[in-house]
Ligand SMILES: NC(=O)c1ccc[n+]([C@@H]2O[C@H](COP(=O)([O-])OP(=O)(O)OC[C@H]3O[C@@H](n4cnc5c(N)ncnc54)[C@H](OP(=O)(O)O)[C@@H]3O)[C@@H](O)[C@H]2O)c1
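Taking the form predicted on its own, here's one chain by itself in structure tokens.
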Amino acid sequence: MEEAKEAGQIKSIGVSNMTPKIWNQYVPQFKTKPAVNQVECNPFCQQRELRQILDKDDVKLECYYPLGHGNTDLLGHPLVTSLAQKYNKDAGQILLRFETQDGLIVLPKSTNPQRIQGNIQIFDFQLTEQEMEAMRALDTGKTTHDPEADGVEDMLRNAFVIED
């Protein structure tokens, strides 16, 4: 990837699923810092430690599962539903607005045209700082996928050709 960037074939390099441990283990060896790290991130899993590490190098965090992968505990959380009612939005729009307003890149997945349209309609309102703090307080720090779990590294190393 670094050779392709140097050759002008790509503009930037991105990585995914790099936890603080994985980031600190590998990225210092890179000649080029990634522009983005895509990881699971939503109000229940806000990746605060990782974001502090990425901020030092101006690396952006891109959320996957920004809507909690349909987690009904998140989508139906009383704070989320009360904000949705207040702003005349749906729960997903509140989550996406929070994440965007908190400086994250969000690319929600949907095949439903109405949801796709709704996902775009998050820029006509802004959460207050008190509401942002309340949303930040929802963080449990738990993900549904653990990139550091036993066997994940070996599985990835066996799936790709890695030249040393």
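Fair warning: this is a prediction, and the values are worked out from it, not measured in the lab. Throughout, we count residues from 1 along the sequence that is shown.
The following text describes the form predicted in complex with the ligand, which does not appear among the structures shown.
- Picking from 44-52, 59-67, 135-143, 26-34 the stretch near the ligand in the model of the complex, with a 4.5 Å limit on heavy atoms, gives 59-67.
- The putative spot formed by 38, 75 and 119 is fully lined by the ligand in the model of the complex; each residue has a non-hydrogen atom within 4.5 angstroms of it.
- When contacts are judged by a 4.5 Å heavy atom cut-off, residue 19 does not count as touching the ligand in the model of the complex.
- Using a 4.5 Å cutoff between non-hydrogen atoms, residue 128 does not count as a contact of the ligand in the model of the complex.
- When contacts are judged by a 4.5 Å heavy atom cut-off, residue 101 does not count as touching the ligand in the model of the complex.
- Although the ligand is not shown here, in the model of the complex the stretch 104-122 places heavy atoms of 107, 108, 109, 110, 111, 112, 115, 119 within 4.5 Å of it, in sequence order.
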